[in-house]
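Let's start with one chain on its own, the form predicted alone, as structure tokens.
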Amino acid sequence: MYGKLKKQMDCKRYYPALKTLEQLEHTYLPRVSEYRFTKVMYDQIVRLRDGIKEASMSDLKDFLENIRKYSSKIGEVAMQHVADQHGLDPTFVSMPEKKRKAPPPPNPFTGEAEATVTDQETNIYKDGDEELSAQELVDFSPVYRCWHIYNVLGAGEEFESYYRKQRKKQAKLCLQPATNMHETLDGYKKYFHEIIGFFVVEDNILHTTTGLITSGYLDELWEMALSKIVAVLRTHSAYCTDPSLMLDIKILIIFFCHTLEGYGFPVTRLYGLLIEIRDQYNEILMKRWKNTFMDIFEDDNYTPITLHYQAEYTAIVTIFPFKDEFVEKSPFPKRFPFSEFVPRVYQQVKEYIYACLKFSEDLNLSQAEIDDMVRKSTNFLLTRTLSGCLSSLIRRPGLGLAQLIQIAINTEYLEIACIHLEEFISSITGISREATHVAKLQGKSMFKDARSHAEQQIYLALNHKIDEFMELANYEWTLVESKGHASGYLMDLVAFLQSTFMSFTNLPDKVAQTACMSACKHIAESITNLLLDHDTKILSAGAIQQVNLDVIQCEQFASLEPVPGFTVGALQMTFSELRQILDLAMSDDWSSYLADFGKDRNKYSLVSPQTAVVLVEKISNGMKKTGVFTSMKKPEKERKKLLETVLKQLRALVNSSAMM
């Protein structure tokens, strides 16, 4: 019997050896207890029992060390099986195969190849692992052996405590990701494989042993792990800036969830995390689409699209919903009213919607939830990203008037197309846009605001261009007689305005009329400012006549209604104040001005006393400069006295007005 025991010990059959020890101790030795050698054997049995305990624990420690190394492979196989069940290529969830190292050279003395470390460690796996499930890959016999031995020895609690403590340490290790995990998809794969491998082993231990671990213990361990996993994924996914990588990470997380669900672990919090990551994914998309929109604006020529062939026309109307009978029936070359950025922007918004929808697949969301998400994301794209891009474009320095006009026209057609975007979303989500819960796209209001901004810039750009012409005005304020025709700068200005307003045909009537009215007012104010400029001290009769000729030219331009839709005389009214100033200065009708001041029927009602004072001072200085007062004749003396009297009365009028 003792020989049998020694043989079992040598073969590391510890559990049968323990049973043999029990038989020897309780059955055979009592029969020969009268002999002295039994005392020695009893002492030996105690040492042998301790040796079996230590040897089985040594095997367990080797198992724990190896299972830590190979958890990743176990998890990888588990994910591959689940991917295969769901019709996904298993290689997507697999780590790339490592290149095999060349075998070491044979021993020069024995001629035998030495075993590599990998060969020595693979004894944890069973043969033919290709067809086995993840838990079947592992030989759990060291755990079972040690568990049985410790139970037989009455040390089951000691073993249980040790096993759980070691596995908790290993759980913390596998839950700690590599610092660069977020850089590649393989980093996420390795992290998921190790976690799955750990819990596959624990699930198998739960179901194949009695009392070593319990469901409550495993649930508690999973909850701890789940909190850590959520925190890690939230942190590392925040570093990602590539939407394609984000989509792959999402798929990995979903199959990570499917795999663990198959073993009974709850993963609801991970699906909640995916909703958070989806929002981040949408933010990444918006940053990418911002660059796309800016590139489109940069490439555009801001002129209406001209089409020479039917194929070109079909290509545009296929991607952008535009219908116009006049354009359809007109011969080639046809012209669309908008530039190329309209169909390109519209198409990119649709591409963004597709990209948003891609992330929402397989997230356990209803069609209504997906529809709501897509509409909200599209609204963010329109009101934040595209709106910001349009605003930057409209404010871009050096943007010409023609470009601003085209932008205003473009935004009108994009606004009209918003209804088609809503229909497009409904077609891919299956939710009618008429449903009560459906959020409406805010693109119409956004494009309307952008157009309003562009229109304001049109008015400013037009006035700026007028200022450039006005800078060319070079009035000779001491001129004795006028040139007999309008100034050259003004003729050029009028020609520019005529050609500019012809390009307003595609703008809304109100915008074109406002721009025209604003331009005329600005011209009138600019000429008035030149007349009343404090740096100009002198104003001769010839200079006044020259300004009058220029204003007559402006009035004629206004009377021709360069933009249709004005009521009769409305545009000429913008020059009324300037006309009254010039008429008063040319006629010297100061008595009428003073007599009728403040009355309803006053033909100089738009001329303020302050303006009148400046005029009289400049005219008086002009008479001195030209030598009128040096050799005065009676009419000149009388005019001098008149102007002095008028100036006193006007100043008194200014003072009295200030006191009121």
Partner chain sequence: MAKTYDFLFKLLLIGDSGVGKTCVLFRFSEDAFNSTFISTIGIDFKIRTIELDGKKIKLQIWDTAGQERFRTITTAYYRGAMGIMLVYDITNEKSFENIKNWIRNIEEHASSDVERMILGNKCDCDDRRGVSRQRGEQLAVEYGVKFMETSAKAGINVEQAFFTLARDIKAKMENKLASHPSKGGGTQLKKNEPQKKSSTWKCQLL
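Positions refer to the first chain, counted from 1. Just so you know, these numbers come straight off a predicted model, no measurement behind them. We call the rigid core whatever largest set of C-alpha positions still superposes within 1.5 Å between the two forms.
Just so you know, the form predicted in complex with its partner chain exists too; it's not on screen, but the next bit is about it.
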> For the chain seen here without its partner, which of 572-580, 397-405, 67-75, 447-455 has a heavy atom within 4.5 Å of its partner chain in the predicted complex?
Replying inline: 397-405
>> Quick check on K465: any heavy atom within 4.5 Å of its partner chain in the predicted complex?
In response: yes
> Given that the partner is absent here, does E283 sit within 4.5 Å of its partner chain in the predicted complex, heavy atoms only?
Replying inline: no
> Can any non-hydrogen atom of Q348 be found within 4.5 angstroms of its partner chain in the predicted complex?
Replying inline: no
> Would D279 count as a contact of its partner chain in the predicted complex, using a 4.5 angstroms cut-off between non-hydrogen atoms?
Replying inline: no
>> Exactly one residue in D84, E220, E328, D299 has a non-hydrogen atom within 4.5 Å of its partner chain in the predicted complex; which is it?
In response: D299
>> So its partner chain isn't shown here. In the predicted complex, which residue out of I205, A155, A473, L365 has a non-hydrogen atom within 4.5 Å of it?
In response: A473
> Within 4.5 Å of its partner chain in the predicted complex, do W477, G488 and L530 each have at least one heavy atom?
Replying inline: yes
> Going by heavy atoms, what in 573-597 lies within 4.5 angstroms of its partner chain in the predicted complex?
Replying inline: none
> After fitting the rigid core, is the C-alpha of Y475 off by 2 Å or more between the shown form and the other one?
Replying inline: yes
> Is there a C-alpha shift of 2 Å or more at D550 between the shown form and the other one once the rigid core is superposed?
Replying inline: yes
